[in-house]
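Next up: a single chain in structure tokens, the form predicted alone.
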């Protein structure tokens, strides 16, 4: 949470992506869906399976913990409408593999030079000053 954003103004970075109350960041997690027809697990609340097209899908909560499958370090300020830290600080973007069998693209917190493939990371929701709730995977303790 931020000191300047009213609690009612929080909104997820993408609709259907998160579970929990956005004004209680500790309760926020990633939403997922699973298809009864083919078993595919997908990110976010979906009404159709993107693998087989079935509408027999149900919501699941995705794990808070995963492993870095691969990553890159962004060392230069991205062009355009960059919303990150100012002044720009290098950061890691990882592909985090969850136990449910899917991989999520997300920032990996902490020292970007300390990120390693196979490293265990934990989901953390955070609110930006504009009220958008986004997430990062931080190294697990």
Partner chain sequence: MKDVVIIGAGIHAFGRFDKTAEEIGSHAARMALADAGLAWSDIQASYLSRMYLPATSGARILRKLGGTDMPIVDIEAACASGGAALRQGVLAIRSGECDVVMVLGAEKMPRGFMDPRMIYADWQIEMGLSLNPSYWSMRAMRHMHEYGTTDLQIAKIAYKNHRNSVHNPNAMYRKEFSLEEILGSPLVCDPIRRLEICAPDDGAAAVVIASADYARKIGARAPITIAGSVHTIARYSADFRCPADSMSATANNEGPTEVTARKAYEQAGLGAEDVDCFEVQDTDAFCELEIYEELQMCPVGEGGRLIDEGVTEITGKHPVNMSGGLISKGEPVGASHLGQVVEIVSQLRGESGARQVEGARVGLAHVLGAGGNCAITILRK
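Positions refer to the first chain, counted from 1. Source: prediction; values computed, not measured.
One more form of this protein exists, namely the form predicted in complex with its partner chain; it is left out here, but the text below deals with it.
Undergrad: Should residue 60 be counted as a contact of its partner chain in the model of the complex, where contact means heavy atoms within 4.5 Å?
TA: Close contact is absent here: in the model of the complex, residue 60 is far from its partner chain, nothing within 4.5 Å, heavy atoms only.
Undergrad: Applying a 4.5 Å heavy atom distance criterion, does residue 102 contact its partner chain in the model of the complex?
TA: Yes, contact at 4.5 Å.
Undergrad: Since only the chain is shown here, I'm wondering whether residue 107 would be in contact with its partner chain in the model of the complex (any heavy atom pair within 4.5 Å).
TA: Residue-level check for residue 107: yes, a contact with its partner chain.
Undergrad: Spell out, yes or no, whether the shortest heavy atom distance between residue 17 and its partner chain in the model of the complex is within 4.5 Å.
TA: Yes, residue 17 is a contact residue.
Undergrad: Thinking of 13, 41 and 73 as one candidate spot, does its partner chain come within 4.5 Å of a heavy atom in every one of them in the model of the complex?
TA: Yes: each residue has a heavy atom within 4.5 Å of the partner.
Undergrad: Going by heavy atoms, what in 53-90 lies within 4.5 angstroms of its partner chain in the model of the complex?
TA: Sequence-ordered list: 69, 70, 71, 72, 73, 74, 75, 76, 77, 78, 79, 80, 81, 82, 83, 84.
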